[in-house]
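A lone chain, given as C-alpha cells: the form predicted alone.
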C-alpha cells in the first residue's frame, strides 16, 4: 500500500505497467501449478534476479517477505504432521512424514518466488498507474474501481480507527483478557463498519453530483517500446523453459 518503491529508477521501473501485470499473472500461474523442485528453485532465483534488476533495497525487500514467511512458519508446524505418507521423524506422539515436509517446502518456495516478482514488478509502479494499466488490459471497470477505492479509503478507515482507539484510551480503557475488552473491541469494529458505510454513501452521492458515469480518465498514455517488447519476449521465453522442465521432465 505504500508507494515507497515506485519512485526509483531502474530497468524494471521503466517497463510498461501493462507488461508488468501480464508477466506477474503468467509467472504466478506457472509457479503455482509447478511441482518439481528444479523448476521451483529456478523460479525463485529468477524472482530474486528481477528484484535485483529493480534495485530494491534489501531491507525493504526482506521486510515485505517477512509477513509471508511468518505465515509459512505456521504451516511447517502442521503440514509435516498432518500429511499422509512415509514417516520421516517424530516429535513425541507426533510423526512427521516425508511427503508433508516436501509439500511444506514447495509452498515455501512458491510463495517467496511469487512475492519476489510481485514486489519487483507491481510495487515498482504507482497505484494510479497500475489501476489505469488494469483498465487498459480490459479488466472489468468495477474491479478497477474497487481497487482504486480500496487504496484510497483504507487510509481513511485507518485514521478513523486510530481516533476511536484514542477516544477509548482517554476514557481509561485498558485492554485485557476479559469480557469487557472483547465487547469494547466488538463495538469498535461495529462503529468502523457504520462509519465506513456512511462515508461510502456520502462519497457515492458526491461522485454522482460531479457527473460520474463509471468511466476512467487518465492524463498519461501507454505505448509499448522496443525495450518493453524485448523484456516481454525474454520473460515469456524463460517461463516457457520452466514449463518445459516441469511437464517434459527433461532434467
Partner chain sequence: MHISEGVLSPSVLIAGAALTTAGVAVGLKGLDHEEIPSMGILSAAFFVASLVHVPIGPSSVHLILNGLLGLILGWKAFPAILIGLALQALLFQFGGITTLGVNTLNMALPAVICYYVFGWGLRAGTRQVVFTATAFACGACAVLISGVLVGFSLYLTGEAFLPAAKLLVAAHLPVMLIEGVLTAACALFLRRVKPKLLEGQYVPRPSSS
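Rigid core: the largest C-alpha set superposing within 1.5 Å between the two forms. Residue numbers count along the first chain shown, from 1. Keep in mind that this is a model prediction, so the values were computed, not measured.
Keep in mind the form predicted together with its partner chain is missing from the figure; the text below concerns it.
Interface residue among 191, 38, 49, 62 relative to its partner chain in the model of the complex, by the heavy atom within 4.5 Å criterion: 191. Of the candidates 45, 224, 200, 58, 200 is the one whose heavy atoms come within 4.5 Å of its partner chain in the model of the complex; the others do not. Interface membership of residue 25, defined by any non-hydrogen atom within 4.5 Å of its partner chain in the model of the complex, is confirmed.
For residue 181, a non-hydrogen atom is located within 4.5 Å of its partner chain in the model of the complex, even though that partner is not displayed. With a 4.5 Å cutoff on heavy atoms, residue 142 counts as touching its partner chain in the model of the complex. Its partner chain in the model of the complex comes within 4.5 Å of no heavy atom belonging to residue 129. Of the residues in 152-177, those that come within 4.5 Å of its partner chain in the model of the complex through at least one heavy atom are, in sequence order, 153, 154, 157, 158, 161, 175, 176, 177. Remark: with the core as the superposition reference, the CA shift of residue 81 between the shown form and the other one stays below 2 Å. Fitting the two forms on the rigid core leaves the C-alpha of residue 103 displaced by under 2 angstroms between the shown form and the other one. Shown in the overlay between the shown form and the other one, fitted on the rigid core, is a CA shift at residue 57 smaller than 2 Å.
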